[in-house]
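Single chain ahead, written as C-alpha cells, the form predicted on its own.
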C-alpha cells in the first residue's frame, strides 16, 4: 500500500517514507527525515527540523509509529518501532530511543540523550540533555530531569535512570543523579543524590526511606507494590509479559543500530 499524504502537507522529495505512511494536513517533512512503514503523522507536525547541531544526521522514525498533532522532531534523532506521542511534543537533535517509546503531551526532550526500550513518559515531562534512561522506565506528569550544576554553564551532567525506575508526579532530579534499578520516587520529591537499586525515595530533599519492594498496595497490604512488573503488564508485548510471569526481569534486546 502506498503512503497517503494530505494535499496541504509539504513533504520534501528527498524525505524517505516507507509504505503505508499517512501524513496529515499542514505537516512539514524536511529533506533529512525517514519514516517507517505503517506510521501515522497527524496534522501540523514538523519532522526533521533542520539544525546545525545535528551535524547532518537524519531523523529516523521507526515502523508503526504515531506522532500526534503539533509535534516537532528535529533532525539527528532516531527512534525504534512503535513510537507514540501525545500532542505538542518537542524532541531535539541526537535523541536516541528504543522500541515502544511513549511521549506524553507537551513533553520536552532536549536532545543528546539515550533512552531505552518501552519507556513511558506522561504529560509535561522534561528530559534534559545528557540524560541516560534505561528500559521500562516510567516518568509521570511534570517530572523534570535537570542537567546544569552551575546554571548557566556548559558543564552538563545528565541524570541516569536504570531499568524499571518509576518517577512520580512533579518530581525533580538534579544534575548527575543516578537512580538504581527498580526504584520508586514519590510525588514532588527533589532528588539530589544517588540512590541504590530497589529504593523508595521521598522528600525535599529526598531520602531513601526503605526498599521499594517493601511497599504494599494502597488498599491491599497483602500485595507487594514492587517490583511493579509482577502486577502491571498492560500494553506490553506478549513475549515480555511471559518473561515477567516466569520471573525473568532481565530481558535482553537484540542490538539495533539506531544511531542516525
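Predicted model only: the values in this text are computed from it and were never measured. Positions refer to the first chain, counted from 1.
Here the subject shifts to the form predicted in complex with a further copy of the same chain, a form of this protein not shown in this document.
- The three marked residues, 3, 37 and 117, fail to reach a further copy of the same chain in the predicted complex, with no heavy atom of any inside 4.5 Å.
- Though the partner is left out of this view, residue 105 does reach within 4.5 Å of a further copy of the same chain in the predicted complex, counting heavy atoms only.
- Mapping the unseen interface onto this chain, residue 97 falls outside it, with no heavy atom inside 4.5 Å of a further copy of the same chain in the predicted complex.
- Contact between residue 213 and a further copy of the same chain in the predicted complex is not found at the 4.5 Å heavy atom cutoff.
- In the predicted complex, a further copy of the same chain stays beyond 4.5 Å of every heavy atom belonging to residue 57.
- The contact residue chosen from 113, 174, 78, 83 relative to a further copy of the same chain in the predicted complex is 174, the criterion being a non-hydrogen atom within 4.5 angstroms.
- For the partner-free chain shown, 138, 140, 141, 142, 144, 146, 148, 149, 150, 151, 152, 153, 154 of 127 to 158 come within 4.5 angstroms of a further copy of the same chain in the predicted complex, judged by any non-hydrogen atom.
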